[in-house]
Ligand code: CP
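Read the single chain below, which is given as structure tokens and is the form predicted alone.
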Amino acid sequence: MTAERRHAPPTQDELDLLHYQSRIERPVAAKIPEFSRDERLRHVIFSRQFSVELLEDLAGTADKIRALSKARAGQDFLIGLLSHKRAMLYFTQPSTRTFLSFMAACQILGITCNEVRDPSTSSETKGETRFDSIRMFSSYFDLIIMRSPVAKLAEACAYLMNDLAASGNRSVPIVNAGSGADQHPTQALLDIYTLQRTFQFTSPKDSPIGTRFDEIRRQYANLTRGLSRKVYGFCGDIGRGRTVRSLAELLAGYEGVSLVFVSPQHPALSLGDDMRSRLVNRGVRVFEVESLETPIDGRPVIETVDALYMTRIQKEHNDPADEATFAAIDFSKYKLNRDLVNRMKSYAPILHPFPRDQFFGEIPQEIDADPRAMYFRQARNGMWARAALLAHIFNVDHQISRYYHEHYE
């Protein structure tokens, strides 16, 4: 940091968060209990709020919602569950999939939605603080889903809501739909849900005589169902990828997992020290390599991983000071091609948080037809996973389970 920056006056973002700074600086584990109520999530801020048990429950609810949505009677039941609720989608950072996914999830459960996507159309242009805006939204709506370029803003808004509740004022849940370069917990939720469904290894053709899992096990004898005891690869922009950090935090909760981070050896792009320490302290085997061809456990990464999570290089975060060093990096090592995919395990899903970069080409379109290409299913799974999360927050997941068992089993 330059001397000029050290002595510069605080930015408006820094001033907005200053009141909550002491709470924000605490370890995540100390903060998580404050975002729950009655053993149920109240605010969704960090991916680590999702325990393995809760992830299994949410996956079960998501499966039931998608099954009920296939029939008119099930749709009518779902849409009546929360038709008395209203949600504000406060998205001041550009978003397509996350915004539409949450909108669709709300509509599945009958929640009425309104949106603010451009702060220039709000009273913030007249000097209103973000926190005044959030409190105003809480006067009209029952839920605030927010995406912001400002790191920690969603967390600070959750503290605001908790303080209002403590003083007897109206307070509503805050759901973090992406906060700066910090956290994206619901993306991690849908990523896990995609892996959960993939690693069930089920098929409509399964029968008592033989299953898809039986067929795969003939080639991979040590393969087990579920997310435990698997190798997960992350490739591309590791250092600046909030989706990578959020998903890695969740995978660390499963037994015997190994995480392989494939990125250039550059401080902006590689795994951060804090993330590495957290993963190692939780018993995760961590590998950091520069190529999908680098061997781990005696075999190249591309042939070892049970799932591969590709990311684009996030050029919008490039620091001018790094441009010269970026120019010297061979980024071709962080792109898939048909030959690499052909060497992957036959069941290993390829994931991507989107958007993919057509110019960089981390996943060329020719890969889309491969049965392991799960990224479009992954995006659709976000609608079901987020609907399950909203059902959990508003405590109607048990009603969904009861209706499903009464009418569909």
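Here the structure is a predicted model, which means the values were calculated and not measured. Residue numbers run from 1 along the displayed sequence.
Absent from the display: the form predicted together with phosphoric acid mono(formamide)ester (CP). The rest refers to it.
Student: Answer yes if any heavy atom of residue 96 is within 4.5 Å of a heavy atom of phosphoric acid mono(formamide)ester (CP) in the predicted complex; otherwise answer no.
Tutor: Residue-level check for residue 96: yes, a contact with phosphoric acid mono(formamide)ester (CP).
Student: Does any part of residue 187 reach within 4.5 Å of phosphoric acid mono(formamide)ester (CP) in the predicted complex? Heavy atoms only, please.
Tutor: Residue-level check for residue 187: yes, a contact with phosphoric acid mono(formamide)ester (CP).
Student: Just to confirm, residue 354 within 4.5 Å of phosphoric acid mono(formamide)ester (CP) in the predicted complex by heavy atoms?
Tutor: The answer is yes: residue 354 has a heavy atom within 4.5 Å of phosphoric acid mono(formamide)ester (CP).
Student: Spell out, yes or no, whether the shortest heavy atom distance between residue 130 and phosphoric acid mono(formamide)ester (CP) in the predicted complex is within 4.5 Å.
Tutor: Answer no; every heavy atom of residue 130 is more than 4.5 Å from phosphoric acid mono(formamide)ester (CP) in the predicted complex.
Student: Among the candidate stretches 199-207, 271-279, 293-301, 96-104, which one is within 4.5 Å of phosphoric acid mono(formamide)ester (CP) in the predicted complex when only heavy atoms are counted?
Tutor: So the stretch in question is 96-104.
Student: Residue by residue through 141-162, which ones have a non-hydrogen atom no more than 4.5 angstroms from phosphoric acid mono(formamide)ester (CP) in the predicted complex?
Tutor: Heavy-atom contacts within 4.5 Å come from 147 alone.
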